[in-house]
Each structure stands twice: as C-alpha cells, then as structure tokens.
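Next up: a single chain in structure tokens, the form predicted alone.
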Amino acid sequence: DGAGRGAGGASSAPGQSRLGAALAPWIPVVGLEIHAQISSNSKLFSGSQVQFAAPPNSLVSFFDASLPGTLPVLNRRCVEAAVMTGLALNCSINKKSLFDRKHYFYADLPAGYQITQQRVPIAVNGSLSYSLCIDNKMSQMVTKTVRIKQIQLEQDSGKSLHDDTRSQTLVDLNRAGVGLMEVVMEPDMCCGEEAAAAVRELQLILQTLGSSQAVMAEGQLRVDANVSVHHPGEPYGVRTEVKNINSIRFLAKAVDYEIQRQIEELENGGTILNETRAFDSKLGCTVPMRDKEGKQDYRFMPEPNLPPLILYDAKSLPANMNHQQVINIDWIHERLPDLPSVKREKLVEQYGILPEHSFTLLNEDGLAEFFESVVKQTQMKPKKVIGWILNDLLSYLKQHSLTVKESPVSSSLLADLLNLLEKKEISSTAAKRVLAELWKGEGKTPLEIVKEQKLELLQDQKELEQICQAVIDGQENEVMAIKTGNRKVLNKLIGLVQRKTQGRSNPVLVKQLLEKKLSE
C-alpha cells in the first residue's frame, strides 16, 4: 500500500547524496480536517432556506448579509445533527460548549468574522474504524482506527465567482451561514489509501445518520489534508495543507503525490515550506496557494450574541423543563440507527455472505436493500444470489453509469428470474440471456421472455439422449481421448450439446447422460 511506497521512497527517490538520508526510510504522516454540510432546511443562525444551485443571492436573510442590528438564533436541528455525529464517532459530548468569532476579511464573509467553536467544541475525543484491502485483494481486509480530535459547529462562507473576462469577482451569499460540522482527525494515517478509506466510512456514517447528505460533488463534504514526512525517531516534519479536495479518488491521489513530492524535495537537499496547496486534478499534482508564513491572526473572541450551548442527559435533565427547549443526549443516543459496521456484520451473519461482499453491498447506495429484497422473494440461497447481484447487476449498472434506484431490472424481476433458474426450468446460460433482455426495460416478465425465445430446459429425456448420441457419433477423436482417460475433453462435448440445444439443456443432466453413454 501507499505506506510501503512512502516508507520505501527513500531508496527509490532520485539524487541521494547523503548516505544517512538514503538508508533511513521516510515515515509519512497524514491528518484530515473535514467540513460536512449539515442536512437541515435552514441555516445555522438564520431562517434562510438551504438549497443547492438556487439563483444567486436568493436565499440571503438580513443576518446572512450582516446588516447592523441583526442577531443569530441557533438552529436546533444543526445541534442535534452534531450530537448524533459525535455519538456515532464515539466522542464525548460537551454538555457546555461555546461559540467564538474568527476574524478574517474576505468578500464572501460579510460580517468580517465566522462564528465557530474554537475554545470548547460540541464533541471531543472520538474514534473512527475503517477497513481497507491489502494489495488490492478484496479478500484481505485490514481494520484501522483514526482518532477524532473534535467536532465543532460553524458557519459556511459565501461563494466567490471569478469572472476573468470582465476581471471582476461576483459574490453569491446563498451558502453564507449554512451550518457545517468540522470533523478534525488526528494525524494517524500514512497514505492516500488510508485517508480515502477513512473519509468513505465517515461519509457512509453521515448518510446513515442523515446528519449530512455528504454529496462531494455538491460541496457537502470538503476535505483538507495535512501531510508531512520524517525519519523514524525524529520529530514530525514541516507539514503542508492540501485544501478543498472534493472527491475521494482525488484525496488518495493528492495525499500520495504530496508525500512523494516532500520525500524527493528533502532528498535533494531542499526544505518543505509550511504552506497551503491545492490539488490540480487535471495534472494530478499539488500546487502552492498562499504561504502560511505570515501566520494570520484570526483574533478569536467569544461570540457576545450567543450564550453557552447547554446540553442535557437523562441524569441532568431538569424535571420542569419543556422538552422542546432542551436537547437530551441520551434520547438521541437511544435513537441512533445501525451504523455501517453493524449493518455489515448483520449481513454476513444473516446471509452467510463474505465480509468483502458486505462492503460492496453497503458502498453502493440502495444495493443492500435490493439484495435483501431479492433474497426475500426467491428460493435461491443468498450465497448464490450475491453472485448475480455483484457480477451481473452491479457490473451492468456501472457500465451504464446508473444508480441502483435507476436499475431497469427491479428486485422482483430478478427474483422471478432466479426462481426459474433455481427450479431448473432454465439453464444459467439461458438466465443470462433473459437478463440481457430484461435490461431493455420493455416490461416483459422473465417467464414471457423464456416462452418467446424458447429458452426452457428440455424436459424430454429421450430427445436429450438422442442429441447426446449424435454429438458422440460426430466426435470420434474426443471420444477416444475420454476413453483413454482425458476427462477434460468431456466439457467440450457438454458445450456442444449446449450449443445444439441453444442453452436449453441442463449441463448436470447432460454430463450424466454422456458419461453413461461413454461407459457403455
């Protein structure tokens, strides 16, 4: 994996002039900061609606535009989403958290400051377990854990649109003030693959909870990666921050590129600058943005217009409190759905499928439900159903860039088809032909297609025996080979019978008939 590449990079990188550097391996260190947009109808401190791709500046309240005299009102839904996320990531939830102002001057931040939680965030000290495959083999999975330092609530900024032709910048404030959860991971990862696997698992957890839709293409999940390299036993190297990575695949590429770049830079006697970089997905490399040399002073101060955020649990809940006015951590905890790791275990336990298959089922939105629905409606064993789901259904959907929900073949149609196969009414070759017809989405049932194309298995044993005899008579060399002990040639004869019957013969029965005739 990437760790090996990074660690062994010392010996393979160009220009090792100093012996010491060439002998000691490099240890890459990767930490992530992830901004997830909270799934809520309105913004964090105002009643403005949240909606992707709305007309510019159509969702801006007086508070969002920072008109004098406007005050923030905390959105309860955003707090609940952050508590849910914190609990799902094994965090301690702070019963008292504080809001702060972080000052910086930029056109997309009308107030000149962002409201965030710098001193005491809503959740701290969690962990996230994720799995990745060794050597790209799905059958060998290893589970790792990354510590979660904290989760904090904060406002998103607006969006600057740079119009180069008119050399002007336009500002769209629709996104200004939308609620974000910033999830800060400790630097416990060592390569792009690990970072990508951790973010993918976080994304699944957020989507399962409903606390964020986490669609990266819509900017609902943005990742910043902190990367450094150092020799064993030495302190961590100078780190760079790669900002705003907007896809999981790019995250893996950006991190691995940055690790390699730093190793080569250091081996050639250069130094690493503490700078902010961006990943150029077209070139596949990172490029410097602005240097962090002049450390920006954000002049943090407590937000004077918001009291401390107080949360309760079952023990500390005052008796006479109106339940609408308080947030009860235990109440939220009891209602957490099954997380992806638990769902996977249940799938493996209930259906006897392989652990790696449970990952694929959960990774594709709606696929686990589709699988369970097919299993309920068919007599076929789940272990056989999974093959059809992963090898036939999923590969077709991927080929045609379709989601499970867009599949032209419903779970009940696939179940009908698998029932025909299970009852030995058609062969698996014929089943694949029926499936190919079903993809056309013409509204025919599997049975109708079977009848139309005459794909039923030959039930007439006499007819099948005659076909077998004809094949044997026409293949003298093969028959001789089988009789002298070459059993593999038998498969060729079975194939010929299948071809003669256009896939309508049961290969198991054909094999028995041929063996019987050849031993006579």
Partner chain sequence: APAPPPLARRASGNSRKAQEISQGSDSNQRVPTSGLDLVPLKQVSVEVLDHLEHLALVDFRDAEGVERLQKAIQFADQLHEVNTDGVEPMDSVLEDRCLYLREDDVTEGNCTKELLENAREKVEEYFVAPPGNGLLIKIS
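In this text the structure is predicted, and so the values were computed from the model without any measurement. Numbering follows the first chain given and starts at 1.
Quick note: we don't show the form predicted in complex with its partner chain, though the next part is all about it.
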### Query
Quick one: which of 470 to 478, 27 to 35, 61 to 69, 447 to 455 gets within 4.5 Å of its partner chain in the model of the complex, going by heavy atoms?
61 to 69
## Note on the structure
From Gln461, Asn41, Asn486, Asn491: within 4.5 Å of its partner chain in the model of the complex by heavy atoms is Asn41
### Task
Identify, from the list Gly366, Pro382, Gly219, Pro302, the residue with a heavy atom within 4.5 Å of its partner chain in the model of the complex.
Pro302
### Query
Heavy atom to heavy atom, is Pro307 within 4.5 Å of its partner chain in the model of the complex?
yes
### Message
At 4.5 Å between heavy atoms, is Val79 in contact with its partner chain in the model of the complex?
### Response
yes
### Close approach of Asn75 to its partner chain in the model of the complex, 4.5 Å, heavy atom
yes
### Message
So, Phe371 and its partner chain: in the model of the complex, are they within 4.5 Å at any heavy atom pair?
### Response
no
### Those residues of 325 to 347 which, in the model of the complex, come within 4.5 Å of its partner chain by heavy atom
Gln325, Ile327
